[in-house]
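Here's a solo chain for you in structure tokens, the form predicted on its own.
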């Protein structure tokens, strides 16, 4: 597992049952496999999936492709059920897995 730069924004706390917004931006070049004008071949290196778990359950999953911009931004909502970590996991071409966590306190 390697490191990745990601900014995860969610409320620090929420009431049980409250719908909360989750915003994620990750710094990644999303290299498509070729250069622009000259179409020089480059090794393709993109994030191809994002999976988010919270309270032991998957709350969000997204497939990414080479058509998605560098530094992809994702926004979704989930329901606050218990205090705990929300785990974000990206998978990159070549098998690298990047994982980050954010904590939510439920009152």
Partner chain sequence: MKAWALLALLPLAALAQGIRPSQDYLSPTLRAQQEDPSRHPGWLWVDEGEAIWRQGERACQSCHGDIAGMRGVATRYPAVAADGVLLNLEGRIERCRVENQGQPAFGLESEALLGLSAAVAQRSRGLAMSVPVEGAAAALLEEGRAFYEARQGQLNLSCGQCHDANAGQRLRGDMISNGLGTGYPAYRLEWNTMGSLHRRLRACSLGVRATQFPLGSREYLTLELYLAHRARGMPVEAPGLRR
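Remember, predicted model here, so these are calculated numbers, not experimental data. Numbering follows the first chain given and starts at 1.
Below: the form predicted together with its partner chain, not depicted.
Asks: With its partner chain left out of view, which of 80, 46, 26, 50 would have a heavy atom within 4.5 Å of it in the model of the complex?
Replies: Looking at 80, 46, 26, 50 one by one, just 26 meets the 4.5 Å heavy-atom criterion.
Asks: Give a yes/no on whether residue 69 approaches its partner chain to within 4.5 Å in the model of the complex, heavy atoms considered.
Replies: Heavy-atom contact with its partner chain at 4.5 Å: present for residue 69.
Asks: Is there a non-hydrogen atom of residue 103 within 4.5 angstroms of a non-hydrogen atom of its partner chain in the model of the complex?
Replies: Although its partner chain is absent here, residue 103 would stay clear of it in the model of the complex, with no heavy atoms inside 4.5 Å.
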